[in-house]
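The chain below stands alone, shown as structure tokens; this is the form predicted alone.
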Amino acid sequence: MELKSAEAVLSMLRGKQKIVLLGDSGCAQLCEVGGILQLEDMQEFLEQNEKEVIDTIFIEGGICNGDVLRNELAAHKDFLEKADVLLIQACGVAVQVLTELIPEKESFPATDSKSLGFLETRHVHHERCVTCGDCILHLTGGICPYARCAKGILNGPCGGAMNGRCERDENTDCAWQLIYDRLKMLGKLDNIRRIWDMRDWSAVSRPLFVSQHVLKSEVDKIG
């Protein structure tokens, strides 16, 4: 992960005055985008640009830790209610988690996610971020069309969705229906009317993954 440029952050926050910052002691701090020092830097930067940071929430263990996050949000409820927007200094998954927990508030990404690892057997994860390197969640209502749409369509929806469900799986919500509903609730349907340019995938910087059998063979050589 890396922080968006100062210009990109201010552009996202145009028309927003009261801001709550969120970071965590997990990946955000390790990547030096959402630790305590980075939250302090962001607050100073925003206040220099005539924004009001009304609260800072630092989640011990990571924003993706649902139980801890819910407790922290409850403790900061008064400030969250007053906020115009939540600015998330963590990955795209964190933005979408907060979107689902606080749907009445907009959650904007302060970072671009470049690469995410995975836990292979301990947890079952539902993909929420494809680490495209150019996060647009502030424009799509906090719902990622790349990760949530089965076809990864950016200028969606496709013609196959029925009754709000994806044509590939009737048990899966159509991502673009979710985006439409969310933007309608926020009064931002103009966002969905724009025509998106073709994605520049050069911004993606993923680590090199090797297959399990190749990895095992190398381990066997060592052992």
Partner chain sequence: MVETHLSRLLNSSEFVVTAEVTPPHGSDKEQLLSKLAILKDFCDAVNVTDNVRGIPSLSSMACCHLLIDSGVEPIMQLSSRDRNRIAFESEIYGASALGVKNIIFVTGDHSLLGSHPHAKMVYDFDSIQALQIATHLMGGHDLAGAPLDGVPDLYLGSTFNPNADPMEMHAWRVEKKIEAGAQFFQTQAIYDVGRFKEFMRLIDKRTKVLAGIIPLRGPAMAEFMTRNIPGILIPDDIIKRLEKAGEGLEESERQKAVKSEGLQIAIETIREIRKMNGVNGIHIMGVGWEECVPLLVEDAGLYPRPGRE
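Here, rigid core means the biggest group of C-alpha atoms that superpose within 1.5 Å across both forms. Residue numbers count along the first chain shown, from 1. The structure presented is a predicted model; accordingly, all values stated were derived computationally and were not measured.
The form predicted together with the partner chain is left out here; the points below concern that form.
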Can Asn155 be called a contact residue for the partner chain in the predicted complex at 4.5 Å between heavy atoms? yes
Whether Asn163 contacts the partner chain in the predicted complex should be assessed with a 4.5 Å heavy atom distance threshold; does it? yes
Is Gly159 one of the residues lying within 4.5 Å of the partner chain in the predicted complex, judged by heavy atom distances? yes
Give a yes/no on whether Ala150 approaches the partner chain to within 4.5 Å in the predicted complex, heavy atoms considered. yes
Counting only non-hydrogen atoms, the one stretch of 44-52, 26-34, 167-175, 60-68 within 4.5 angstroms of the partner chain in the predicted complex is 167-175
Core-aligned C-alpha movement of Arg70 between this form and the one not shown reaching 2 Å: no
Checking Cys27 here: with the core superposed, does its CA move 2 Å or more between this form and the one not shown? no
Is it true that Cys149 shifts between this form and the one not shown by 2 Å or more at the Cα, once the core is aligned? yes
Assert for Gln177-Lys16 (C-alpha, 3 Å or more) in the predicted complex vs reference form: pair farther
